[in-house]
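Shown next as structure tokens: one chain only, the form predicted alone.
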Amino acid sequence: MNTTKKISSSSPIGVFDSGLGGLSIWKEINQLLPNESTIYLADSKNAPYGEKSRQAIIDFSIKNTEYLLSKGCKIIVVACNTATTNAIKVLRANYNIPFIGIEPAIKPAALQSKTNRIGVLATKGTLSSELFIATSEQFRNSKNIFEVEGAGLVALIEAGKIEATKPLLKKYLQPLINQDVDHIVMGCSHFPFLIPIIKSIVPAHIQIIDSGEAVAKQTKNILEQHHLLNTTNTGNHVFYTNGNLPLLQSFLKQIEIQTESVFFEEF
């Protein structure tokens, strides 16, 4: 498998996620790289990935990659923790294009923590992955890392029921509060949409960490290395979904993107 379509600095950045959560990553990329065009693919029909088998996650990730390559993308951001931790090695081995992954931001939390006690809220698929286990093991000698599976949260977010996550969040966050963590890492790209609710539940001193800004910076770095950074054009943005199109549009309004300036389509 390989991409043969000619790409240039004006080619779009491809971004895919199991659904709408990756919009939190897309927002950071768009803010840092306003000249870049983007194509966002929301595989909402198959969300959440975190409850699927590793092979299913790989298969979905290959399908998403093939679709973005058919649209001429010059780089692909895997804006899904579960897809990154389970499939990105396969993608990099089979496609001649740069891939940017996303994984829980344990390192910055570990460096900033004063209590040496860190919480991670993630999906089952991320917490059980080899990549997550390897990353967290690097810090377990000096830090206490407490993991909580956020079961059911992605499905509610995908249904647009943000407020309905509050009872589950109270249940999941209380054990982390009891462990005196001073940082909670968002281990799923969907979860930044829940940060306002999370902040209403946890004590004010607890810092919430997500990976969006780091992913955007890494995307810029890789584009520069490959001489693919677009510094002249104004970006155009296309959003594809196989789920609820009006819900996708409403999420973009939440992150203050004017939906009149973008194009939507089902795939």
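Values in this document were obtained by computation on a predicted structure and should not be read as measured data. The first residue of the sequence shown is number 1, and the count goes up from there.
Heads up, the form predicted in complex with a small molecule isn't pictured, but that's what we're talking about next.
Visitor: Among the candidate stretches 165-173, 188-196, 112-120, 93-101, which one is within 4.5 Å of the small molecule in the predicted bound form when only heavy atoms are counted?
Guide: Going by heavy atoms within 4.5 Å, the stretch is 188-196.
Visitor: Does the small molecule come within 4.5 Å of any heavy atom of Trp26 in the predicted bound form?
Guide: Output for Trp26 is no: heavy atoms all beyond 4.5 Å of the small molecule.
Visitor: Tell me, yes or no, whether Ile75 is in contact with the small molecule in the predicted bound form, where a contact means a heavy atom of each within 4.5 Å.
Guide: So Ile75 does not count as contacting the small molecule.
Visitor: Is Val154 close to the small molecule in the predicted bound form, meaning a heavy atom pair under 4.5 Å apart or at it?
Guide: Residue-level check for Val154: yes, a contact with the small molecule.
Visitor: Taking the small molecule as it sits in the predicted bound form, is Gly212 in contact with it (heavy atom to heavy atom, 4.5 Å or less)?
Guide: Gly212: no contact with the small molecule in the predicted bound form.
Visitor: Counting only non-hydrogen atoms and a 4.5 Å threshold, tell me whether Pro48, Cys80 and Thr126 all contact the small molecule in the predicted bound form.
Guide: Result yes, every residue of the spot touches the small molecule.
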